[in-house]
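Only one chain is given next, in structure tokens, and it is the form predicted alone.
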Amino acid sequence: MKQTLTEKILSAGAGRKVKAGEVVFVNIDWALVQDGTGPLTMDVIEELGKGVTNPDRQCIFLDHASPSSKSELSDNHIKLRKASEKYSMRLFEVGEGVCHQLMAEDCVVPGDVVVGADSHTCMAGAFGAFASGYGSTDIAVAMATGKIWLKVPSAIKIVLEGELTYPTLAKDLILYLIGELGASGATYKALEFTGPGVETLSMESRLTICNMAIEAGAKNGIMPADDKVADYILEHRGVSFDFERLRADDGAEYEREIKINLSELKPQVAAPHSVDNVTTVEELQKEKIKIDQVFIGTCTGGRLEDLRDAEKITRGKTKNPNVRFIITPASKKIFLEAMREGLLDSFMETGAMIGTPGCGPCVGIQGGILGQGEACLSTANRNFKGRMGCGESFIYLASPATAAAAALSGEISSP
């Protein structure tokens, strides 16, 4: 039986060959919760009374409220710290960074099964891993038993050709694809990226692309594991990792196939209030949309590559005086390297504010909450109404390059 990459990894986890449509129990390699979803997960684990399996592979992240902006959130942090100590689970403290970025830097390897109480857990698919988000109760059971149950998803094959040309970035590719598929166009499907274009993408770009598979409704996004994965693991963990270069079988069965020529893509923007409301920056800038805040950060815009791409545009210039310009590195490691390279100095000279590594304004908890009628151009992954703390505000999603251009002009502008 010819298998997709998703089917191959789930077969290894199930201990037998599986195919799309089957309901199976699969052994997990990693499970995670964050400070928004973790408290309920810990309550359920207490109710189950079984403790947790492989606690060194169960991770708690204090990243959404980093640092906490009110006492209720601080109480959640206390609860999660106590749970970590009680069950000997791995705890990533306030200021260490976004859960998905830290999983990439410290944990995931090709072939892993990764589950998390956060919908963007699918980002780990960039390693050639099966990664998917679940509810807090499902993750509690997974942490207690070391297994998850699921229906094996059928797959959509995304064939990438050509190569992205700056200032068109990975964020533009995934926004374009979501616009083509629609917000529910890949519901409970695996988005499997393949083709010669994948080889041209950096790991940072792959992480951004797989992260946003969920925005088309996908169960997971995944790419083949290659030498760039090995290089990334060596760079961030200091270890050489020998693994099978995982990829789908020739002749594997897909629901449909979509071809994208990266060389032909232009910068994209997702307009309010849906991630699939996508158009080109070139088209949207004709409307001269005023921007009150620009946010460069999160697990889809806060990596070192993203900061470099943005700083190319802002270097030596001054932001528009009517724009609040916020930069939040996705992890402490990225923050330190950006500081060593002079990127943070450059951004501050432009007029930016630098936030604590973590989710920042993305989830509307702290660090840049919008007011009534305000518009923000963000490198985050969602622009739903109220996402950044105010139901009467407007969120536009774009790449770090496009965001940087808006910080300078005060409106949506081509980078």
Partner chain sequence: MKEELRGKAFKFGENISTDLICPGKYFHLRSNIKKLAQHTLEVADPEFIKNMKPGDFVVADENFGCGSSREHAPLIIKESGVAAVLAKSFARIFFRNAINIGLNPIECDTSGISSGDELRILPEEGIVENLTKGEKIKVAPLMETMKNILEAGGLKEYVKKEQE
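Residue numbers count along the first chain shown, from 1. This one's a predicted model, so the numbers in the text were calculated from it and none came from an experiment.
Omitted here: the form predicted in complex with its partner chain. The next part is about that form.
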| property | result |
| --- | --- |
| Contact flag, G351 vs its partner chain in the predicted complex, heavy atom cut 4.5 Å | no |
| Partner contact for T200 in the predicted complex: its partner chain, 4.5 angstroms, heavy atom | no |
| Distance check, T187 to its partner chain in the predicted complex, heavy atom within 4.5 Å | yes |
| T165, heavy atom within 4.5 angstroms of its partner chain in the predicted complex | no |
| D242, E72, D227, D250 - the one with a heavy atom within 4.5 Å of its partner chain in the predicted complex | E72 |
| L344, V141, C107, A271 - the one with a heavy atom within 4.5 Å of its partner chain in the predicted complex | V141 |
| Options 315-323, 215-223, 257-265, 89-97; stretch whose heavy atom lies within 4.5 Å of its partner chain in the predicted complex | 215-223 |
| Heavy atom within 4.5 Å of its partner chain in the predicted complex - qualifying residues of 106-140 | A117, D118, S119, S132, G133, Y134, G135, S136, T137, D138 |
